[in-house]
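Next comes just one chain, in structure tokens: the form predicted alone.
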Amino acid sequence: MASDGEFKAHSPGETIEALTKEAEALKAKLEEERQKLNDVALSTVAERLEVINYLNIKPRRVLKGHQAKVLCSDWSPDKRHIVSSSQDGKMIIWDAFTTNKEHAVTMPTTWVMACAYAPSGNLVACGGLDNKVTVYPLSLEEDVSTKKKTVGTHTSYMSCCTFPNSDQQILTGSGDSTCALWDVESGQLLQNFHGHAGDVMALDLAPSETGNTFVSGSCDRMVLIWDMRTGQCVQSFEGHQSDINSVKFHPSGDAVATGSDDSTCRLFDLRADKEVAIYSKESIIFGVNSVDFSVSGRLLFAGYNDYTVNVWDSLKCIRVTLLYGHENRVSCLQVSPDGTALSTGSWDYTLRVWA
């Protein structure tokens, strides 16, 4: 019996090593099988397309007013106003043409990580380290914060929020690794979305009128597609080597772009059910915080930790241009609803509008 015990004492290290090796071998085999399915790369198919030579994108406006890092921003449906939220606990509504501040609301906590305009343009929602999503009706007559309303509460910070197609509901993503759909009027939880194994960092709605699907990206390196009616995850994608900070549907609704701390952006195709493109360069070693498409979907804008915005040709998978101007990491970026401008927010306390 003793000899048996001795044998057991030797084995744990060796078995772990053997199992790790086996796991690696299986991973490699899976990758090999995956590669066999790949008929042709997206960039190869796109070779016959014209190269995008000349993009005249310049900084047109600088929005100054936050006293700390800008964490999130969203264009109003009127294509003119921007809401931004910051580490200073403030939410500001800007007129992007005149750079005037129309409203400034002080939140109960700092680190307001998420803000969003409602489709009507008459409401904004925001939240962050307070774990709550709060809705503010915008009116010029009275102070905005008098009419504020807490809609939902998570068990950890709220990282992102958006209104799915009406002012009546709001969709949130949280550090508690769930997403949730809330009724704005009653504050009732309509649907919970469980499936991620890490903090949910980003959400985006599918661009259809009846939009019942949305995508989420998380620190578990997974991209999940959800059905809003059932609360079920209907598709999942892996490939990133680190936290996913941003997800965005392609305007066609058939693909999703992601940006990650692994310094790459990737494109996942819903119909092919796999990753079809990767946007990276040897020289880019900094994480991606935010991605968005041009209206056509041909350009992919990505904001990085090295203070730049890289503009990628989404089909040829090459970088078209670089936008310099911010003096700290670019934390958020968004193409305006009509596609004529790009807004970026940064840890340098400013927002910039490019066109």
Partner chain sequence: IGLSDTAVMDMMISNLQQQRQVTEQLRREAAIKRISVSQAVLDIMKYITEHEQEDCLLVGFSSQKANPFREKSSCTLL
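Between two forms, the rigid core is defined as the largest C-alpha subset superposing within 1.5 Å. Positions refer to the first chain, counted from 1. Since the structure is predicted, the reported quantities are computational estimates derived from the model, not experimental observations.
Quick note: we don't show the form predicted in complex with its partner chain, though the next part is all about it.
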### Query
Can you check whether residue 289 is within 4.5 Å of its partner chain in the predicted bound form, heavy atom basis?
no
### Partner proximity in the predicted bound form: residue 310 to its partner chain, non-hydrogen atom cutoff 4.5 Å
no
### Query
Counting only non-hydrogen atoms and a 4.5 angstroms cut-off, does residue 297 reach its partner chain in the predicted bound form?
yes
### Query
According to a 4.5 angstroms non-hydrogen atom cut-off, is residue 138 in contact with its partner chain in the predicted bound form?
no
#### Entry: Stretch in contact in the predicted bound form with its partner chain, which is absent here, among 158-166, 142-150, 231-239, 114-122 (heavy atoms within 4.5 Å)
231-239
#### Entry: Residue (of 284, 129, 96, 206) lying close to its partner chain in the predicted bound form, criterion heavy atoms within 4.5 Å
96
### Query
From the list 252, 192, 106, 212, which entry has a heavy atom within 4.5 Å of its partner chain in the predicted bound form?
252
### Task
Heavy atoms within 4.5 Å of its partner chain in the predicted bound form is the criterion; list the residues of 271-292 that meet it.
271, 272, 273, 274, 276
### Query
residue 37: with the rigid core matched between this form and the one not shown, does its Cα shift 2 Å or more?
yes
#### Entry: Cα separation of residue 25 and residue 241 in the predicted bound form versus here, shift of 3 Å or more
farther
### Query
Closer or farther apart in the predicted bound form, the C-alpha atoms of residue 29 and residue 282, for a change of 3 Å or more?
farther
